[in-house]
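Okay, so here's just one chain, in C-alpha coordinates, the form predicted alone.
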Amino acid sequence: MEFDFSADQKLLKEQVQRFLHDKSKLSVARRVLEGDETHAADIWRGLADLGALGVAVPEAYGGMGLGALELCVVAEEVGRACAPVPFQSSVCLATDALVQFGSEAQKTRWLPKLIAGETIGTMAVSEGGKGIAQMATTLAGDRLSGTKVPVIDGEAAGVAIVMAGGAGGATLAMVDLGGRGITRKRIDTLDPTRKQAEITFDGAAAEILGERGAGVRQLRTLHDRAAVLGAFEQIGGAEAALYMARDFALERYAFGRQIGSYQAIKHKLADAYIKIELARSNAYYGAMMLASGGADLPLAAAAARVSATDAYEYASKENIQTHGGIGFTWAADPHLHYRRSRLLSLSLGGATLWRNRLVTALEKRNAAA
(Lines give C-alpha, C1' and ligand atoms only; values in the text may rest on other atoms or scores of the structure.)
Protein backbone atom coordinates (compact mmCIF):
# COMPACT_ATOMS: atom_id res chain seq x y z
CA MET A 1 0.00 0.00 0.00
CA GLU A 2 1.33 3.44 -1.00
CA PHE A 3 1.37 6.03 1.78
CA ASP A 4 2.85 8.90 -0.22
CA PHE A 5 1.84 11.04 -3.16
CA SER A 6 2.67 9.74 -6.63
CA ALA A 7 5.38 11.15 -8.89
CA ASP A 8 2.78 13.03 -10.96
CA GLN A 9 1.21 14.53 -7.86
CA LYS A 10 4.63 15.62 -6.60
CA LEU A 11 5.32 17.19 -10.00
CA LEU A 12 2.10 19.20 -9.73
CA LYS A 13 3.12 20.25 -6.23
CA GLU A 14 6.53 21.39 -7.47
CA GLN A 15 5.01 23.41 -10.33
CA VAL A 16 2.62 25.24 -8.04
CA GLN A 17 5.35 25.71 -5.42
CA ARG A 18 7.73 27.18 -8.00
CA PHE A 19 5.13 29.61 -9.31
CA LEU A 20 4.11 30.80 -5.84
CA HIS A 21 7.73 31.03 -4.67
CA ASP A 22 8.58 33.26 -7.65
CA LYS A 23 5.41 35.35 -7.86
CA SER A 24 3.66 35.29 -4.47
CA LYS A 25 6.27 36.31 -1.95
CA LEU A 26 5.19 37.73 1.40
CA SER A 27 5.57 41.20 -0.10
CA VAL A 28 2.47 40.41 -2.18
CA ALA A 29 0.51 39.43 0.94
CA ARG A 30 1.65 42.69 2.55
CA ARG A 31 0.55 44.62 -0.55
CA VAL A 32 -2.97 43.27 -0.21
CA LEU A 33 -2.90 43.70 3.58
CA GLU A 34 -2.02 47.38 3.34
CA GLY A 35 -3.92 48.21 0.15
CA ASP A 36 -7.47 48.24 -1.15
CA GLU A 37 -7.29 45.09 -3.27
CA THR A 38 -9.71 42.33 -2.37
CA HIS A 39 -7.10 39.75 -3.38
CA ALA A 40 -3.97 39.41 -5.51
CA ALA A 41 -5.61 39.17 -8.93
CA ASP A 42 -2.28 38.52 -10.68
CA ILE A 43 -1.58 35.47 -8.51
CA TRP A 44 -5.14 34.22 -8.98
CA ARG A 45 -4.79 34.46 -12.79
CA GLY A 46 -1.47 32.63 -12.61
CA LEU A 47 -2.99 29.77 -10.62
CA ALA A 48 -5.82 29.61 -13.14
CA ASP A 49 -3.32 29.45 -16.01
CA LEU A 50 -1.60 26.52 -14.27
CA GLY A 51 -4.96 24.73 -14.04
CA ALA A 52 -4.76 24.72 -10.25
CA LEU A 53 -8.29 26.09 -9.80
CA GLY A 54 -9.80 23.20 -11.74
CA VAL A 55 -7.64 20.31 -10.59
CA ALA A 56 -10.59 18.30 -9.24
CA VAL A 57 -13.20 19.50 -11.76
CA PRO A 58 -14.24 17.02 -14.50
CA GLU A 59 -12.77 17.63 -17.95
CA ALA A 60 -16.27 18.05 -19.38
CA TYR A 61 -16.43 21.44 -17.65
CA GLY A 62 -12.89 22.52 -18.53
CA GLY A 63 -11.12 21.10 -15.47
CA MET A 64 -8.11 18.81 -15.25
CA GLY A 65 -10.25 15.86 -14.19
CA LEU A 66 -7.88 14.73 -11.46
CA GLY A 67 -9.01 14.34 -7.87
CA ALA A 68 -8.91 15.27 -4.23
CA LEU A 69 -5.30 14.19 -3.69
CA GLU A 70 -4.07 16.60 -6.34
CA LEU A 71 -6.12 19.38 -4.80
CA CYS A 72 -4.51 18.62 -1.43
CA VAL A 73 -1.00 19.22 -2.76
CA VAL A 74 -2.11 22.53 -4.32
CA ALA A 75 -3.70 23.61 -1.02
CA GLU A 76 -0.46 22.94 0.86
CA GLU A 77 1.50 25.23 -1.45
CA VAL A 78 -1.10 28.00 -1.27
CA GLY A 79 -0.75 27.84 2.51
CA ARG A 80 3.03 27.77 2.39
CA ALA A 81 3.07 30.99 0.36
CA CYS A 82 0.40 32.62 2.55
CA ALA A 83 -1.04 33.58 -0.82
CA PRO A 84 -3.67 36.36 -0.64
CA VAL A 85 -6.13 34.56 -2.91
CA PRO A 86 -9.63 33.12 -2.33
CA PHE A 87 -8.51 29.50 -2.70
CA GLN A 88 -10.53 28.00 0.13
CA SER A 89 -13.66 30.03 -0.56
CA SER A 90 -13.76 29.60 -4.32
CA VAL A 91 -12.06 26.25 -4.95
CA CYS A 92 -12.54 24.18 -1.80
CA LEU A 93 -16.08 25.33 -1.04
CA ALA A 94 -18.00 26.99 -3.91
CA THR A 95 -16.51 24.97 -6.77
CA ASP A 96 -16.69 21.73 -4.80
CA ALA A 97 -20.32 22.47 -3.86
CA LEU A 98 -21.16 22.75 -7.55
CA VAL A 99 -19.31 19.55 -8.43
CA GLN A 100 -21.00 17.62 -5.62
CA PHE A 101 -24.55 19.00 -5.75
CA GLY A 102 -25.00 21.24 -8.79
CA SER A 103 -27.42 20.53 -11.63
CA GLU A 104 -26.05 20.08 -15.13
CA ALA A 105 -27.17 23.60 -16.05
CA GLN A 106 -25.50 25.10 -12.95
CA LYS A 107 -22.26 23.24 -13.60
CA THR A 108 -22.19 24.22 -17.26
CA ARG A 109 -22.80 27.88 -16.44
CA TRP A 110 -20.47 28.39 -13.49
CA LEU A 111 -17.66 25.80 -13.39
CA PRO A 112 -15.80 27.03 -16.51
CA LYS A 113 -15.84 30.59 -15.13
CA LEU A 114 -14.65 29.52 -11.70
CA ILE A 115 -11.75 27.39 -12.89
CA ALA A 116 -10.65 30.06 -15.38
CA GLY A 117 -10.52 32.60 -12.56
CA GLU A 118 -13.10 34.79 -14.31
CA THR A 119 -15.48 34.45 -11.36
CA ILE A 120 -14.75 33.94 -7.69
CA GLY A 121 -17.05 31.87 -5.52
CA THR A 122 -17.72 31.95 -1.79
CA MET A 123 -19.94 30.32 0.81
CA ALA A 124 -22.18 32.40 3.07
CA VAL A 125 -23.38 30.56 6.17
CA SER A 126 -22.62 32.67 9.25
CA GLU A 127 -24.99 35.30 10.63
CA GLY A 128 -22.75 36.69 13.32
CA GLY A 129 -22.63 33.66 15.59
CA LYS A 130 -26.20 32.41 15.19
CA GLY A 131 -26.70 28.69 14.71
CA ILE A 132 -28.49 27.29 11.68
CA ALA A 133 -31.67 26.88 13.71
CA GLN A 134 -31.67 30.63 14.44
CA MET A 135 -30.93 31.78 10.89
CA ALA A 136 -32.87 34.82 9.70
CA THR A 137 -31.99 34.36 6.03
CA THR A 138 -34.91 32.78 4.17
CA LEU A 139 -35.60 31.38 0.73
CA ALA A 140 -39.16 31.91 -0.47
CA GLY A 141 -39.65 30.37 -3.87
CA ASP A 142 -36.66 31.64 -5.82
CA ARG A 143 -36.14 34.80 -3.76
CA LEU A 144 -33.56 35.14 -1.00
CA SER A 145 -33.68 37.63 1.87
CA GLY A 146 -31.43 38.14 4.88
CA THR A 147 -27.91 39.14 5.90
CA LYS A 148 -24.77 37.03 6.08
CA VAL A 149 -21.69 38.15 8.03
CA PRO A 150 -18.81 37.57 7.91
CA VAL A 151 -18.43 36.22 4.37
CA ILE A 152 -14.79 35.50 3.53
CA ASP A 153 -13.89 36.86 0.08
CA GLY A 154 -17.48 38.08 -0.14
CA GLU A 155 -16.45 41.40 -1.62
CA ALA A 156 -14.57 39.82 -4.53
CA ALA A 157 -17.01 36.96 -5.20
CA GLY A 158 -19.28 36.80 -8.20
CA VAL A 159 -21.34 33.86 -6.98
CA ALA A 160 -22.24 32.64 -3.49
CA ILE A 161 -23.55 29.42 -2.01
CA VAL A 162 -25.89 30.61 0.74
CA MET A 163 -27.46 28.66 3.59
CA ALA A 164 -31.09 29.70 4.01
CA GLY A 165 -34.17 28.62 5.92
CA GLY A 166 -37.75 28.49 4.70
CA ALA A 167 -40.43 26.00 3.75
CA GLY A 168 -38.92 22.53 3.69
CA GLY A 169 -36.02 23.31 6.01
CA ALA A 170 -32.48 24.59 5.62
CA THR A 171 -31.43 24.73 1.99
CA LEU A 172 -28.31 25.69 0.05
CA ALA A 173 -29.08 28.37 -2.50
CA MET A 174 -26.91 29.64 -5.33
CA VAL A 175 -26.89 33.38 -5.94
CA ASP A 176 -25.38 35.47 -8.73
CA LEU A 177 -23.90 38.36 -6.72
CA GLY A 178 -24.05 40.61 -9.75
CA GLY A 179 -27.85 40.59 -9.69
CA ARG A 180 -30.35 42.95 -8.10
CA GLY A 181 -31.28 43.05 -4.43
CA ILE A 182 -27.73 42.56 -3.17
CA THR A 183 -25.59 44.98 -1.18
CA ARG A 184 -22.11 44.38 0.17
CA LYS A 185 -20.05 46.13 2.81
CA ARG A 186 -16.43 45.44 3.74
CA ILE A 187 -15.84 44.67 7.40
CA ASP A 188 -12.66 44.91 9.47
CA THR A 189 -11.06 41.58 10.38
CA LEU A 190 -7.78 40.24 11.71
CA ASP A 191 -6.54 39.13 8.29
CA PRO A 192 -7.18 41.74 5.58
CA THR A 193 -5.20 39.64 3.08
CA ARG A 194 -8.47 37.68 2.77
CA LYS A 195 -10.99 40.48 2.96
CA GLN A 196 -14.46 39.77 4.35
CA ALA A 197 -17.84 41.35 3.82
CA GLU A 198 -21.37 41.68 5.08
CA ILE A 199 -23.79 40.70 2.32
CA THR A 200 -27.47 41.64 2.47
CA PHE A 201 -30.02 39.95 0.21
CA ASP A 202 -33.30 41.75 -0.41
CA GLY A 203 -35.43 39.50 -2.59
CA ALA A 204 -32.39 38.47 -4.62
CA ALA A 205 -32.87 35.80 -7.30
CA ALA A 206 -31.58 32.40 -6.18
CA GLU A 207 -31.48 28.79 -7.31
CA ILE A 208 -31.62 25.74 -5.07
CA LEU A 209 -28.35 23.83 -5.05
CA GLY A 210 -29.08 20.16 -4.74
CA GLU A 211 -32.18 19.20 -2.76
CA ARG A 212 -34.49 21.55 -0.85
CA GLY A 213 -34.31 20.90 2.88
CA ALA A 214 -31.00 19.00 2.62
CA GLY A 215 -28.83 22.00 3.44
CA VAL A 216 -27.51 20.77 6.79
CA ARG A 217 -26.43 17.41 5.40
CA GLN A 218 -24.89 19.00 2.31
CA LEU A 219 -23.04 21.60 4.38
CA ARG A 220 -21.63 18.92 6.67
CA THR A 221 -20.34 17.01 3.64
CA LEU A 222 -18.76 20.13 2.15
CA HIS A 223 -17.19 21.14 5.46
CA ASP A 224 -15.71 17.66 6.00
CA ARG A 225 -14.17 17.80 2.53
CA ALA A 226 -12.95 21.37 2.96
CA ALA A 227 -11.52 20.55 6.40
CA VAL A 228 -9.11 18.05 4.86
CA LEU A 229 -8.06 20.50 2.15
CA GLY A 230 -7.82 23.26 4.74
CA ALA A 231 -5.58 21.06 6.89
CA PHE A 232 -3.07 20.86 4.05
CA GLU A 233 -3.22 24.64 3.65
CA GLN A 234 -2.60 25.04 7.39
CA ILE A 235 0.30 22.57 7.29
CA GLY A 236 1.93 24.49 4.45
CA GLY A 237 1.59 27.72 6.42
CA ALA A 238 2.84 26.14 9.64
CA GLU A 239 5.92 24.75 7.91
CA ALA A 240 6.67 28.14 6.34
CA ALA A 241 6.36 29.83 9.75
CA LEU A 242 8.66 27.22 11.31
CA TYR A 243 11.30 27.70 8.62
CA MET A 244 11.07 31.48 8.98
CA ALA A 245 11.75 31.10 12.70
CA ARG A 246 14.56 28.62 12.07
CA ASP A 247 16.30 30.89 9.57
CA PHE A 248 16.10 33.86 11.94
CA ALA A 249 17.41 31.75 14.83
CA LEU A 250 20.46 30.80 12.76
CA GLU A 251 21.13 34.40 11.70
CA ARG A 252 20.52 36.21 14.98
CA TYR A 253 23.31 36.30 17.57
CA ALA A 254 23.04 37.07 21.28
CA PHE A 255 25.96 36.96 23.74
CA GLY A 256 28.20 35.76 20.95
CA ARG A 257 26.07 32.75 19.98
CA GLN A 258 23.33 32.00 17.49
CA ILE A 259 20.05 32.18 19.39
CA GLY A 260 19.16 28.87 17.78
CA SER A 261 21.84 27.23 19.90
CA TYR A 262 19.91 27.99 23.10
CA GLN A 263 17.60 25.28 24.40
CA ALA A 264 14.76 27.74 24.97
CA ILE A 265 14.63 28.28 21.19
CA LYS A 266 15.53 24.77 20.03
CA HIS A 267 12.89 23.04 22.14
CA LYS A 268 10.06 25.31 20.97
CA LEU A 269 10.98 24.85 17.32
CA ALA A 270 11.21 21.10 17.88
CA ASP A 271 7.73 21.16 19.43
CA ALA A 272 6.43 23.01 16.36
CA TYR A 273 8.01 20.40 14.09
CA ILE A 274 6.37 17.57 16.04
CA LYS A 275 2.95 19.22 15.85
CA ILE A 276 3.34 19.71 12.09
CA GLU A 277 4.30 16.08 11.51
CA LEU A 278 1.36 14.88 13.62
CA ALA A 279 -0.94 17.13 11.61
CA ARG A 280 0.56 15.84 8.36
CA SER A 281 -0.11 12.25 9.39
CA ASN A 282 -3.76 13.07 10.15
CA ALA A 283 -4.07 15.06 6.92
CA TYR A 284 -2.76 12.14 4.87
CA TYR A 285 -5.38 9.89 6.42
CA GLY A 286 -8.01 12.52 5.66
CA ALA A 287 -6.79 12.73 2.07
CA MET A 288 -7.09 8.96 1.72
CA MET A 289 -10.67 9.01 3.02
CA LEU A 290 -11.51 11.98 0.80
CA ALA A 291 -10.11 10.36 -2.33
CA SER A 292 -11.72 6.98 -1.69
CA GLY A 293 -15.04 8.20 -0.31
CA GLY A 294 -14.33 6.26 2.87
CA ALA A 295 -16.88 6.03 5.66
CA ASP A 296 -14.31 7.39 8.10
CA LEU A 297 -14.20 10.81 6.39
CA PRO A 298 -16.01 12.66 9.24
CA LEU A 299 -13.53 11.24 11.78
CA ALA A 300 -10.52 11.81 9.55
CA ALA A 301 -11.60 15.35 8.68
CA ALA A 302 -12.08 16.30 12.33
CA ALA A 303 -8.70 14.83 13.34
CA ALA A 304 -6.94 16.61 10.48
CA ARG A 305 -8.69 19.88 11.25
CA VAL A 306 -7.93 19.83 14.99
CA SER A 307 -4.27 18.88 14.64
CA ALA A 308 -3.54 21.23 11.71
CA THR A 309 -5.19 24.16 13.48
CA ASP A 310 -3.07 23.49 16.56
CA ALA A 311 0.12 23.16 14.50
CA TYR A 312 -0.35 26.39 12.52
CA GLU A 313 -1.36 28.43 15.55
CA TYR A 314 1.62 27.17 17.57
CA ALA A 315 4.16 27.60 14.77
CA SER A 316 2.96 31.10 13.89
CA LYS A 317 3.07 32.20 17.54
CA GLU A 318 6.53 30.76 18.12
CA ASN A 319 7.72 32.41 14.92
CA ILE A 320 6.82 35.77 16.45
CA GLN A 321 8.41 34.85 19.77
CA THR A 322 11.62 33.67 18.11
CA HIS A 323 11.95 37.00 16.32
CA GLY A 324 11.77 38.72 19.70
CA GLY A 325 10.84 42.41 19.89
CA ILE A 326 10.96 42.92 16.13
CA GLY A 327 8.56 40.01 15.66
CA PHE A 328 5.71 42.06 17.07
CA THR A 329 6.19 44.98 14.68
CA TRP A 330 4.16 45.78 11.58
CA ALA A 331 7.30 45.93 9.45
CA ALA A 332 8.28 42.33 10.23
CA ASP A 333 6.58 39.45 8.40
CA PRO A 334 5.75 36.92 11.17
CA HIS A 335 2.32 38.45 11.82
CA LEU A 336 1.23 37.57 8.27
CA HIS A 337 1.24 33.87 9.12
CA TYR A 338 -0.33 34.49 12.52
CA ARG A 339 -3.19 36.39 10.88
CA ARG A 340 -3.72 33.59 8.36
CA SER A 341 -3.60 30.92 11.07
CA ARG A 342 -6.38 32.68 12.97
CA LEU A 343 -8.51 33.13 9.86
CA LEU A 344 -8.22 29.50 8.83
CA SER A 345 -8.95 28.33 12.38
CA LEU A 346 -12.39 29.99 12.19
CA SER A 347 -13.33 29.73 8.53
CA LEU A 348 -15.11 26.36 8.82
CA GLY A 349 -16.16 26.68 12.44
CA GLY A 350 -13.98 27.09 15.51
CA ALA A 351 -11.71 24.60 17.21
CA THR A 352 -14.31 23.65 19.83
CA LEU A 353 -16.80 22.62 17.15
CA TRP A 354 -14.26 20.33 15.48
CA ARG A 355 -13.05 18.86 18.75
CA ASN A 356 -16.65 17.98 19.57
CA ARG A 357 -17.05 16.40 16.15
CA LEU A 358 -13.90 14.38 16.69
CA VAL A 359 -15.11 13.10 20.06
CA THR A 360 -18.53 12.26 18.61
CA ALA A 361 -16.99 10.39 15.68
CA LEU A 362 -14.71 8.40 18.00
CA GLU A 363 -17.59 7.51 20.30
CA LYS A 364 -19.66 6.38 17.33
CA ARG A 365 -16.86 4.20 16.01
CA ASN A 366 -16.13 2.69 19.41
CA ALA A 367 -19.82 1.94 19.95
CA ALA A 368 -19.93 0.08 16.65
CA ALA A 369 -16.80 -1.95 17.44
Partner chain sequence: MNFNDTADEATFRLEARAFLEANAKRRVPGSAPSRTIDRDDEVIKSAKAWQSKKLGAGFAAITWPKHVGGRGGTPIQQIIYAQEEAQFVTPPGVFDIGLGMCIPTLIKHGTKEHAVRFVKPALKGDEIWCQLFSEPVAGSDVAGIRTRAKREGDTWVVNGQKVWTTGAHFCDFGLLLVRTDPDVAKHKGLTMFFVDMKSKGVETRPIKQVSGGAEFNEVFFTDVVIPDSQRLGKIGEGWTVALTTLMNERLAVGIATGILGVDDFLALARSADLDGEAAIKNGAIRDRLAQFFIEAEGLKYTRYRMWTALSRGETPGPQSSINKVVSGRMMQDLGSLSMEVMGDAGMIAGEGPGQGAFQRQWLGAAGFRIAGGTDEILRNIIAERVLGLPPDVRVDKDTTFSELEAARSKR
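Numbering follows the first chain given and starts at 1. No experiment lies behind these values; they were computed from the predicted model shown.
Missing here is the form predicted together with the partner chain; even so, the following discussion is about that form.
- Taking the partner from the other structure, the partner chain in the predicted complex has a heavy atom within 4.5 Å of a heavy atom of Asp4.
- By the criterion of a heavy atom within 4.5 Å, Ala56 is excluded from the residues contacting the partner chain in the predicted complex.
- Contact annotation: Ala303 falls within 4.5 Å of the partner chain in the predicted complex, judged by heavy atom distances.
- Interface membership of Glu363, defined by any non-hydrogen atom within 4.5 Å of the partner chain in the predicted complex, is confirmed.
- From the list 173-181, 127-135, 76-84, 210-218, the contact stretch for the partner chain in the predicted complex under a 4.5 Å heavy atom rule is 127-135.
- Highlighted residues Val16, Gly63 and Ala240: none comes within 4.5 Å of the partner chain in the predicted complex, counting any heavy atom.
- Think of it this way: in the predicted complex, the partner chain has a heavy atom of just one of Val99, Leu297, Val159, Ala249 within 4.5 Å, and the residue is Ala249.
- Between the partner chain and the residues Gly117, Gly146, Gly165, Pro150, the one pair within 4.5 Å by heavy atoms in the predicted complex involves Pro150.
- Contacts between stretch 246-269 and the partner chain, counted in the predicted complex as any heavy atom lying within 4.5 Å, involve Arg246, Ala249, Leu250, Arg252, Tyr253, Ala254, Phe255, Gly256, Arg257, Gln258, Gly260, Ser261, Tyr262, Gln263, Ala264, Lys266, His267, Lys268, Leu269, listed in sequence order.
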